[in-house]
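Before any questions on binding or motion, here is one chain by itself as structure tokens, the form predicted on its own.
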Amino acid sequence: MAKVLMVKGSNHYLSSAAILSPTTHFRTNPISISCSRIRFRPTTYNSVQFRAFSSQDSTSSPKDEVAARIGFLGLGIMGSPMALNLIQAGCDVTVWNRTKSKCDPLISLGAKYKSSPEEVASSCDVTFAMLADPESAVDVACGKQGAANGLSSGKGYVDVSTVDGPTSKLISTHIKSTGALFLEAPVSGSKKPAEDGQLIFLTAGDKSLYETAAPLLDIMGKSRFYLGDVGNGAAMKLVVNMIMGSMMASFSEGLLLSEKVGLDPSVLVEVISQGAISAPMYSMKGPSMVKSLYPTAFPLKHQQKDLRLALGLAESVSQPTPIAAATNELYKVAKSRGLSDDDFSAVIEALKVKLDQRS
């Protein structure tokens, strides 16, 4: 039997298999990465692309170094802090958002602005996209003034939106038809991890673009996984969010049941935090849920969208998911109560409605 070496990091225990895996990269402690030290130069690997290396690399020559120009499309709850972290690391960042006013805070900090995804992609070496749903992701990448129109051989497009596999493959086909490289890289994490540069990237697609973008992913995240072919990153993200949505629904039931039988739900949160089922989500969301407060970190409408996409994924392989299906219905009830833009923890309100109807 193979021995498993457990190494303690900052709040993490990693097996030797995880540490040695070439496709899994963890950052357990905060690091400082300066974009001014990231350079890209063309090289040949089936097509022209970039290789990341330090400006101190003794093998590089000034004539073939090009300062990394980073594009960022979509500046919502997640995209804005992700782009901000790149700017604060010294990156040359160009931004676009449908509502231009959302770009203004970043422009004031040094970001450049272009009026369309096409113009951003044309002016940048690597372009990131963080859009709300599959329809938006396709439109921004492939639409009339989409990023694909500004891409060419030697450029890269990294889609960090949460979409389904078929959508990701469709975008990939359009991007790669231009000669550019494509990487899907949906993130696990919400507003606070995005602000703190503690996201988890679930990547798939062109391995060389993954290696090129790695220093940038490390600015925005704490770990990154390379999962192979396009579609695998999307699938992993949907499975993760399916589990998360179901956990939140069950947690909501527990909080309400404890209160109904005369217990203090705040104490329940404390008990859970010290037991085997402890999860950061419960400790983070529980106290505000007890007070019926739902400050938005991950909008409920996006959680329901991810559940819907996860159910479609399960259907495609004939995998029963009865718990997720029931959970999805609960989030739909919450949406019908006008809670779409609240945090996904507001799903507890849908259960309150049902309880009130029975009393």
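Quantities reported herein were computed from a predicted structural model and do not represent experimental measurements. Numbers follow the displayed sequence, beginning with 1.
Absent from the display: the form predicted together with a small molecule. The rest refers to it.
TODO: Examine R224 and determine whether its closest non-hydrogen atom to the small molecule in the model of the complex is within 4.5 angstroms.
DONE: It does not: once the small molecule is placed as it appears in the model of the complex, R224 has no heavy atom within 4.5 Å of it.
TODO: Answer yes if any heavy atom of T203 is within 4.5 Å of a heavy atom of the small molecule in the model of the complex; otherwise answer no.
DONE: T203: no, not in contact with the small molecule in the model of the complex.
Open item on the list: Within 4.5 Å, heavy atoms only: does I77 come near the small molecule in the model of the complex?
Closed with: The answer is yes: I77 has a heavy atom within 4.5 Å of the small molecule.
Task: Non-hydrogen atom contact Y331 with the small molecule in the model of the complex at 4.5 angstroms - done: Judged by the heavy-atom cut-off of 4.5 Å, Y331 is well away from the small molecule in the model of the complex.
Task: Within 4.5 Å of the small molecule in the model of the complex, all of T162, G189 and H302 (non-hydrogen atom) - done: Yes, all three are in contact.
Task: One residue of N149, S136, S246, S116 in contact with the small molecule, assessed in the model of the complex (non-hydrogen atom, 4.5 angstroms) - done: It is S136.
TODO: Could you work out which of V230, M289, L131, L106 is the residue within 4.5 angstroms of the small molecule in the model of the complex, going by heavy atoms?
DONE: Result of the distance check: L131.
Open item on the list: Taking 4.5 angstroms as the heavy atom distance cut-off, pick the stretch from 190-198, 176-184, 85-93, 252-260 that is near the small molecule in the model of the complex.
Closed with: Careful reading of the contacts points to 190-198.
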